[in-house]
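Take a look at this one chain, the form predicted on its own, written out in structure tokens.
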């Protein structure tokens, strides 16, 4: 079972991922062709020559990228940590790397260190700061791996010792507030090499959390597949990296936005099963956040702030025996929460047994009447009688203060 040994991560539940790099300028298109895949993989998918792709750095000047504004918004959305792409698979470093000239500071007209800017912004806003680092894939380095291509001629060790390890040292020494290193796509990285990366990180700062995608099952927590949620409660510390539409980097043709209700449901499902939700925004080439991203997260963030006690520091609940589509349960010791996501006039939940001391609408403290009884078939049931204001309403939460540490979900009986 994975254990970060970091209480902040266990309690955080909601974080902001930011994918931003040279690919953001292309917005999913190159020489009139739209990539059929995710935007940040455009160099790989459309086989853009390295010499041509590098020219993007000469035009990279994202004047609309405002680290302070982003961190303030993340805080307003209820997020507790932020993870930024310090170097994606394209190989371009978004910080002041001393071991490479292919950086936002040296190779672009903006001469900006985005990692430094975000570190300071997170500090001001009380957010934990993490960086994404592509440890195996580097499409610019002659010995870095490249998915969907032949890597047999490459000497991976040269890349590790010449670029990967030195840049990891830089990140951890130049930016002391880093709390999490988010690795990705280990590909052919051996268990010994993954451990070498972890040992390097911990030797500089033992409190830095290492994500599951360092490879070979050796991370501090389990990282799920992109946009995939475990079907059942999952033990230990884990996280779901996810998108608001279908891409990570900005893609101007991708309008398949999830609505706020869907995002809220996903957040609560992940929390109820014990995990954190790391939700991505992809700024465009100017550094501007898409308006739809802001609209969605403003609405979700409003719910999170109104019902913070039912989101943060919650713990995995036992598996409920029935599929329920109108609500999601979360809990913490001696508190049980029903998040009502669809309109109901009365709330009825069967196969649940607990001793209720007090029940109320979480966002305004309005007390509600609760009946606890046994159904004609035998299982226990709770019935919540709602105030008029909440009849046929959606997206609110009922809090139950209970005698037990956690409610008992009873098995289905014949």
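Numbering follows the first chain given and starts at 1. Every value quoted in this text rests on a predicted model; they were computed, and no experiment measured them.
Below: the form predicted together with a small molecule, not depicted.
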Q: Heavy atoms, 4.5 Å, the small molecule in the predicted bound form: which of 324-332, 184-192, 91-99, 202-210 makes the cut? Say which one.
A: 184-192
Q.
Is it the case that residue 38, even though its partner is missing from this view, gets within 4.5 Å of the small molecule in the predicted bound form, heavy atoms only?
A. yes
Q | Distance check, residue 13 to the small molecule in the predicted bound form, heavy atom within 4.5 Å | A | no
Q: Tell me, yes or no, whether residue 17 is in contact with the small molecule in the predicted bound form, where a contact means a heavy atom of each within 4.5 Å.
A: yes
Q) Is there a heavy atom of residue 133 no more than 4.5 Å from a heavy atom of the small molecule in the predicted bound form? A) no
Q: Tell me, out of 114, 337, 303, 248, which residue has a non-hydrogen atom within 4.5 angstroms of the small molecule in the predicted bound form.
A: 248
